[in-house]
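Single chain ahead, written as C-alpha coordinates, the form predicted alone.
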(Lines give C-alpha, C1' and ligand atoms only; values in the text may rest on other atoms or scores of the structure.)
Protein backbone atom coordinates (compact mmCIF):
# COMPACT_ATOMS: atom_id res chain seq x y z
CA UNK A 1 0.00 0.00 0.00
CA UNK A 2 1.22 3.51 -0.78
CA UNK A 3 1.92 5.60 2.30
CA UNK A 4 -0.76 7.76 3.89
CA UNK A 5 -0.09 10.38 6.55
CA UNK A 6 -0.85 7.70 9.14
CA UNK A 7 1.61 5.32 10.76
CA UNK A 8 0.61 1.88 12.02
CA UNK A 9 3.24 1.93 14.77
CA UNK A 10 1.94 5.23 16.11
CA UNK A 11 -1.60 3.87 15.98
CA UNK A 12 -0.63 0.87 18.09
CA UNK A 13 1.14 3.19 20.55
CA UNK A 14 -2.00 5.34 20.73
CA UNK A 15 -3.76 2.57 22.62
CA UNK A 16 -1.45 3.30 25.56
CA UNK A 17 -2.51 6.98 25.62
CA UNK A 18 -6.27 6.74 25.05
CA UNK A 19 -8.33 6.21 28.19
CA UNK A 20 -9.30 2.50 28.16
CA UNK A 21 -12.93 3.52 28.62
CA UNK A 22 -12.95 4.38 24.90
CA UNK A 23 -11.13 1.25 23.73
CA UNK A 24 -12.27 -2.30 22.93
CA UNK A 25 -15.86 -1.30 22.30
CA UNK A 26 -18.31 -4.16 21.70
CA UNK A 27 -18.03 -6.04 18.42
CA UNK A 28 -20.60 -8.72 17.83
CA UNK A 29 -22.62 -10.44 15.10
CA UNK A 30 -26.20 -9.17 14.98
CA UNK A 31 -27.99 -12.26 13.79
CA UNK A 32 -31.40 -10.58 13.93
CA UNK A 33 -30.40 -8.30 11.03
CA UNK A 34 -29.35 -11.12 8.72
CA UNK A 35 -32.81 -12.19 7.45
CA UNK A 36 -33.67 -8.59 6.57
CA UNK A 37 -30.37 -7.67 4.95
CA UNK A 38 -29.37 -10.97 3.33
CA UNK A 39 -25.86 -10.90 4.77
CA UNK A 40 -24.08 -11.45 8.04
CA UNK A 41 -23.65 -8.13 9.86
CA UNK A 42 -21.32 -7.52 12.78
CA UNK A 43 -21.71 -4.30 14.71
CA UNK A 44 -18.80 -2.29 16.09
CA UNK A 45 -20.54 -0.27 18.78
CA UNK A 46 -18.78 3.06 19.22
CA UNK A 47 -21.62 4.48 21.33
CA UNK A 48 -20.67 2.48 24.43
CA UNK A 49 -18.60 5.18 26.12
CA UNK A 50 -19.10 8.44 28.05
CA UNK A 51 -19.48 10.65 24.96
CA UNK A 52 -21.44 8.06 22.93
CA UNK A 53 -19.27 8.36 19.83
CA UNK A 54 -15.84 7.41 18.48
CA UNK A 55 -14.39 10.93 18.51
CA UNK A 56 -12.77 10.70 21.94
CA UNK A 57 -10.24 8.20 20.61
CA UNK A 58 -8.75 11.12 18.70
CA UNK A 59 -9.29 13.87 21.27
CA UNK A 60 -7.57 11.75 23.89
CA UNK A 61 -4.41 11.92 21.77
CA UNK A 62 -4.83 15.64 21.12
CA UNK A 63 -5.43 16.53 24.77
CA UNK A 64 -2.63 14.29 26.01
CA UNK A 65 -0.09 15.93 23.73
CA UNK A 66 -1.32 19.42 24.57
CA UNK A 67 -0.97 18.70 28.28
CA UNK A 68 2.50 17.23 27.77
CA UNK A 69 3.52 20.39 25.91
CA UNK A 70 2.23 22.62 28.69
CA UNK A 71 -0.60 24.02 26.57
CA UNK A 72 -3.63 25.12 28.52
CA UNK A 73 -6.27 25.82 25.86
CA UNK A 74 -7.73 24.56 22.61
CA UNK A 75 -10.61 25.41 20.28
CA UNK A 76 -12.49 23.35 17.72
CA UNK A 77 -15.45 23.59 15.40
CA UNK A 78 -17.93 20.78 15.80
CA UNK A 79 -21.32 19.55 14.71
CA UNK A 80 -21.50 18.24 18.26
CA UNK A 81 -19.60 14.99 18.71
CA UNK A 82 -16.03 16.29 18.39
CA UNK A 83 -16.92 19.11 20.77
CA UNK A 84 -18.19 16.70 23.40
CA UNK A 85 -15.13 14.52 23.01
CA UNK A 86 -12.65 17.39 23.24
CA UNK A 87 -14.51 18.78 26.24
CA UNK A 88 -14.31 15.40 27.99
CA UNK A 89 -10.64 14.84 27.18
CA UNK A 90 -9.69 18.42 27.97
CA UNK A 91 -11.51 18.46 31.29
CA UNK A 92 -9.52 15.48 32.49
CA UNK A 93 -6.25 17.24 31.69
CA UNK A 94 -7.04 20.74 32.89
CA UNK A 95 -7.42 22.28 29.43
CA UNK A 96 -9.61 25.29 28.68
CA UNK A 97 -11.74 24.11 25.75
CA UNK A 98 -13.83 26.29 23.44
CA UNK A 99 -16.22 24.71 20.97
CA UNK A 100 -17.77 26.60 18.07
CA UNK A 101 -20.95 25.12 16.60
CA UNK A 102 -23.91 26.06 14.51
CA UNK A 103 -26.86 27.21 16.56
CA UNK A 104 -28.86 24.76 14.42
CA UNK A 105 -26.85 21.77 15.69
CA UNK A 106 -28.55 18.99 17.63
CA UNK A 107 -29.61 20.46 20.98
CA UNK A 108 -28.67 17.33 22.91
CA UNK A 109 -25.11 17.61 21.64
CA UNK A 110 -24.85 21.28 22.52
CA UNK A 111 -26.23 20.68 26.00
CA UNK A 112 -23.69 17.93 26.59
CA UNK A 113 -20.80 20.16 25.49
CA UNK A 114 -21.85 22.73 28.09
CA UNK A 115 -22.31 20.06 30.75
CA UNK A 116 -18.77 18.84 30.17
CA UNK A 117 -17.43 22.29 31.03
CA UNK A 118 -16.43 23.64 27.62
CA UNK A 119 -17.10 27.20 26.52
CA UNK A 120 -19.65 27.02 23.68
CA UNK A 121 -19.94 29.69 21.01
CA UNK A 122 -22.73 29.45 18.44
CA UNK A 123 -22.73 30.85 14.91
CA UNK A 124 -25.72 31.54 12.71
CA UNK A 125 -24.47 29.49 9.75
CA UNK A 126 -23.46 25.89 9.13
CA UNK A 127 -20.44 23.86 10.16
CA UNK A 128 -18.18 25.57 7.63
CA UNK A 129 -18.91 28.93 9.24
CA UNK A 130 -18.12 27.38 12.62
CA UNK A 131 -14.74 26.23 11.24
CA UNK A 132 -13.95 29.77 10.14
CA UNK A 133 -14.86 31.20 13.53
CA UNK A 134 -12.82 28.56 15.39
CA UNK A 135 -9.77 29.41 13.27
CA UNK A 136 -10.29 33.10 14.06
CA UNK A 137 -10.39 32.40 17.80
CA UNK A 138 -7.23 30.29 17.59
CA UNK A 139 -5.37 33.12 15.81
CA UNK A 140 -6.67 35.78 18.17
CA UNK A 141 -5.87 33.90 21.37
CA UNK A 142 -2.79 32.03 20.20
CA UNK A 143 -4.22 28.64 21.14
CA UNK A 144 -4.36 25.24 19.46
CA UNK A 145 -6.96 24.85 16.74
CA UNK A 146 -8.11 21.23 16.67
CA UNK A 147 -9.17 20.41 13.14
CA UNK A 148 -11.00 17.12 12.80
CA UNK A 149 -9.58 14.88 10.06
CA UNK A 150 -6.75 17.30 9.22
CA UNK A 151 -5.04 16.79 12.58
CA UNK A 152 -3.39 13.41 12.40
CA UNK A 153 -4.30 12.58 16.01
CA UNK A 154 -7.99 12.53 15.09
CA UNK A 155 -7.32 10.03 12.31
CA UNK A 156 -4.90 7.83 14.22
CA UNK A 157 -7.18 7.79 17.26
CA UNK A 158 -10.05 6.61 15.08
CA UNK A 159 -7.69 4.11 13.47
CA UNK A 160 -7.54 2.16 16.73
CA UNK A 161 -11.03 0.96 15.79
CA UNK A 162 -9.39 -0.74 12.82
CA UNK A 163 -6.87 -2.47 15.06
CA UNK A 164 -9.69 -3.87 17.15
CA UNK A 165 -11.48 -5.10 14.05
CA UNK A 166 -8.55 -6.96 12.54
CA UNK A 167 -7.26 -8.23 15.88
CA UNK A 168 -10.53 -9.59 17.25
CA UNK A 169 -13.09 -10.12 14.50
CA UNK A 170 -13.53 -13.40 12.69
CA UNK A 171 -12.83 -13.00 9.02
CA UNK A 172 -15.06 -10.43 7.36
CA UNK A 173 -15.42 -9.33 3.77
CA UNK A 174 -16.16 -5.61 4.03
CA UNK A 175 -16.28 -2.76 6.50
CA UNK A 176 -18.82 0.04 6.12
CA UNK A 177 -17.65 3.41 7.43
CA UNK A 178 -19.57 6.67 7.72
CA UNK A 179 -17.81 9.34 5.67
CA UNK A 180 -17.77 12.99 6.69
CA UNK A 181 -14.51 14.83 7.13
CA UNK A 182 -12.70 11.53 6.75
CA UNK A 183 -10.93 10.88 10.08
CA UNK A 184 -12.63 7.54 10.71
CA UNK A 185 -12.62 6.47 7.07
CA UNK A 186 -8.92 7.18 6.57
CA UNK A 187 -7.95 5.86 10.00
CA UNK A 188 -9.82 2.57 9.86
CA UNK A 189 -9.11 2.26 6.15
CA UNK A 190 -5.36 2.65 6.71
CA UNK A 191 -5.25 -0.14 9.29
CA UNK A 192 -7.50 -2.50 7.36
CA UNK A 193 -5.55 -2.09 4.13
CA UNK A 194 -2.24 -2.51 5.98
CA UNK A 195 -3.24 -5.59 7.99
CA UNK A 196 -6.20 -7.16 6.14
CA UNK A 197 -5.83 -5.93 2.55
CA UNK A 198 -8.45 -8.26 1.10
CA UNK A 199 -11.21 -6.62 3.16
CA UNK A 200 -13.24 -4.12 1.13
CA UNK A 201 -13.30 -0.63 2.65
CA UNK A 202 -16.58 1.06 1.71
CA UNK A 203 -17.31 4.63 2.77
CA UNK A 204 -20.91 5.80 3.01
CA UNK A 205 -22.20 9.36 2.82
CA UNK A 206 -25.67 10.91 2.52
CA UNK A 207 -26.84 11.95 -0.93
CA UNK A 208 -27.60 15.36 0.58
CA UNK A 209 -23.98 15.91 1.70
CA UNK A 210 -21.86 14.34 -1.04
CA UNK A 211 -18.73 16.52 -1.17
CA UNK A 212 -16.16 13.96 -0.04
CA UNK A 213 -17.70 11.17 -2.11
CA UNK A 214 -17.69 13.32 -5.23
CA UNK A 215 -14.11 14.27 -4.44
CA UNK A 216 -13.09 10.62 -4.06
CA UNK A 217 -14.77 9.68 -7.33
CA UNK A 218 -13.18 12.55 -9.28
CA UNK A 219 -9.83 12.32 -7.46
CA UNK A 220 -9.85 16.04 -6.70
CA UNK A 221 -11.51 18.28 -4.15
CA UNK A 222 -15.14 18.98 -4.99
CA UNK A 223 -17.07 21.42 -2.81
CA UNK A 224 -20.81 21.93 -2.53
CA UNK A 225 -22.85 25.07 -1.91
CA UNK A 226 -25.01 23.46 0.75
CA UNK A 227 -25.68 20.26 2.67
CA UNK A 228 -29.16 18.88 3.26
CA UNK A 229 -29.27 15.78 5.43
CA UNK A 230 -30.43 14.66 8.85
CA UNK A 231 -26.95 13.12 9.31
CA UNK A 232 -25.44 16.31 10.72
CA UNK A 233 -22.25 14.60 11.82
CA UNK A 234 -21.14 14.05 8.20
CA UNK A 235 -22.54 17.18 6.58
CA UNK A 236 -19.35 18.95 5.52
CA UNK A 237 -19.05 20.89 2.27
CA UNK A 238 -15.31 21.53 1.91
CA UNK A 239 -13.11 18.42 1.85
CA UNK A 240 -9.56 18.80 3.12
CA UNK A 241 -7.03 18.01 0.34
CA UNK A 242 -4.61 16.04 2.56
CA UNK A 243 -7.46 13.91 3.90
CA UNK A 244 -8.72 13.22 0.40
CA UNK A 245 -5.22 12.10 -0.59
CA UNK A 246 -5.28 9.55 2.23
CA UNK A 247 -8.80 8.43 1.38
CA UNK A 248 -7.84 7.79 -2.22
CA UNK A 249 -5.22 5.33 -0.98
CA UNK A 250 -7.38 3.31 1.41
CA UNK A 251 -11.02 3.38 0.23
CA UNK A 252 -12.23 0.79 -2.26
CA UNK A 253 -15.51 2.59 -2.80
CA UNK A 254 -17.56 5.57 -1.67
CA UNK A 255 -21.33 5.41 -1.99
CA UNK A 256 -24.21 7.80 -1.46
CA UNK A 257 -27.48 6.83 0.24
CA UNK A 258 -30.88 8.45 0.46
CA UNK A 259 -32.43 9.94 3.59
CA UNK A 260 -35.21 7.35 3.60
CA UNK A 261 -32.61 4.57 3.73
CA UNK A 262 -30.81 6.25 6.63
CA UNK A 263 -34.06 6.43 8.58
CA UNK A 264 -34.89 2.83 7.71
CA UNK A 265 -31.44 1.85 8.96
CA UNK A 266 -32.03 3.65 12.24
CA UNK A 267 -35.35 1.85 12.62
CA UNK A 268 -33.77 -1.52 11.90
CA UNK A 269 -31.00 -0.96 14.45
CA UNK A 270 -33.67 -0.10 17.00
CA UNK A 271 -35.97 -3.01 16.16
CA UNK A 272 -33.33 -5.72 15.73
CA UNK A 273 -30.42 -4.57 17.88
CA UNK A 274 -32.08 -2.41 20.53
CA UNK A 275 -29.86 0.52 19.56
CA UNK A 276 -30.79 4.20 19.53
CA UNK A 277 -28.38 5.76 17.06
CA UNK A 278 -27.87 9.08 15.34
CA UNK A 279 -28.33 9.17 11.55
CA UNK A 280 -24.61 8.99 10.74
CA UNK A 281 -24.40 5.68 12.59
CA UNK A 282 -27.01 4.09 10.34
CA UNK A 283 -25.21 4.87 7.07
CA UNK A 284 -23.72 1.38 6.84
CA UNK A 285 -27.10 -0.32 7.18
CA UNK A 286 -28.53 2.16 4.66
CA UNK A 287 -25.87 1.12 2.14
CA UNK A 288 -26.85 -2.54 2.48
CA UNK A 289 -30.54 -1.70 2.13
CA UNK A 290 -29.92 0.19 -1.11
CA UNK A 291 -27.72 -2.47 -2.71
CA UNK A 292 -28.51 -5.83 -1.12
CA UNK A 293 -27.17 -7.83 -4.05
CA UNK A 294 -23.69 -6.43 -3.50
CA UNK A 295 -23.57 -7.79 0.04
CA UNK A 296 -25.59 -10.99 -0.33
CA UNK A 297 -23.97 -13.88 1.50
CA UNK A 298 -21.06 -11.78 2.74
CA UNK A 299 -19.89 -10.92 6.26
CA UNK A 300 -19.97 -7.16 6.73
CA UNK A 301 -18.86 -5.02 9.68
CA UNK A 302 -20.80 -1.80 10.17
CA UNK A 303 -19.31 0.79 12.52
CA UNK A 304 -22.09 2.31 14.63
CA UNK A 305 -20.23 5.55 15.21
CA UNK A 306 -22.53 7.71 17.37
CA UNK A 307 -25.64 7.79 19.48
CA UNK A 308 -26.11 11.50 20.24
CA UNK A 309 -29.49 12.33 18.80
CA UNK A 310 -32.36 14.67 19.54
CA UNK A 311 -34.98 12.25 20.84
CA UNK A 312 -37.97 14.21 19.57
CA UNK A 313 -36.55 14.15 16.05
CA UNK A 314 -35.52 10.52 16.47
CA UNK A 315 -39.06 9.45 17.31
CA UNK A 316 -40.46 11.40 14.37
CA UNK A 317 -38.03 9.70 12.02
CA UNK A 318 -38.37 6.11 13.15
CA UNK A 319 -42.13 6.34 13.72
CA UNK A 320 -42.46 7.22 10.04
CA UNK A 321 -40.12 4.44 8.90
CA UNK A 322 -41.44 1.08 7.70
CA UNK A 323 -41.21 -1.74 10.24
CA UNK A 324 -38.97 -4.63 9.16
CA UNK A 325 -39.99 -7.93 10.73
CA UNK A 326 -38.00 -11.13 10.38
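Residue numbers count along the first chain shown, from 1. On a predicted model such as this, the values are computed, not experimentally measured, just so you know.
This next part talks about the form predicted in complex with a further copy of the same chain, which is not shown.
Query raised in the report: So which of 263-271, 280-288, 65-73, 296-304 is the stretch with heavy atoms within 4.5 Å of a further copy of the same chain in the model of the complex?
Result: One stretch meets the cut-off, namely 263-271.
Report task. Would you check, heavy atoms only and a 4.5 Å threshold, whether residue 45 touches a further copy of the same chain in the model of the complex? Result -> Result yes; residue 45 sits at the interface with a further copy of the same chain in the model of the complex.
Query - 4.5 angstroms heavy atom contact with a further copy of the same chain in the model of the complex for residue 292 - result: No, residue 292 sits far enough from a further copy of the same chain in the model of the complex that none of its heavy atoms falls within 4.5 Å.
Requested in this report: Flag residue 112 as yes or no: does it have a non-hydrogen atom within 4.5 angstroms of any non-hydrogen atom of a further copy of the same chain in the model of the complex?
Outcome: Taking the distances in the model of the complex, the answer for residue 112 is yes, it comes within 4.5 Å of a further copy of the same chain.
Query raised in the report: Though only this chain appears here, would residue 315 touch a further copy of the same chain in the model of the complex if you measure heavy atom gaps against 4.5 Å?
Result: Contact check for residue 315: yes, within 4.5 Å of a further copy of the same chain in the model of the complex.
Query raised in the report: 116, 240, 230, 256: which sits within 4.5 Å of a further copy of the same chain in the model of the complex by any heavy atom?
Result: Partner contact (heavy atom, 4.5 Å) among the options: 116.
Query raised in the report: Does every residue of 12, 172 and 194 put a non-hydrogen atom within 4.5 angstroms of a further copy of the same chain in the model of the complex?
Result: No, the whole trio is out of contact, none within 4.5 Å by any heavy atom.
**Report entry** Residues in 13-42 close to a further copy of the same chain in the model of the complex, defined by a heavy atom within 4.5 Å, in order
**Finding:** Residues within 4.5 Å: 21, 26, 27, 28, 29, 31, 32.
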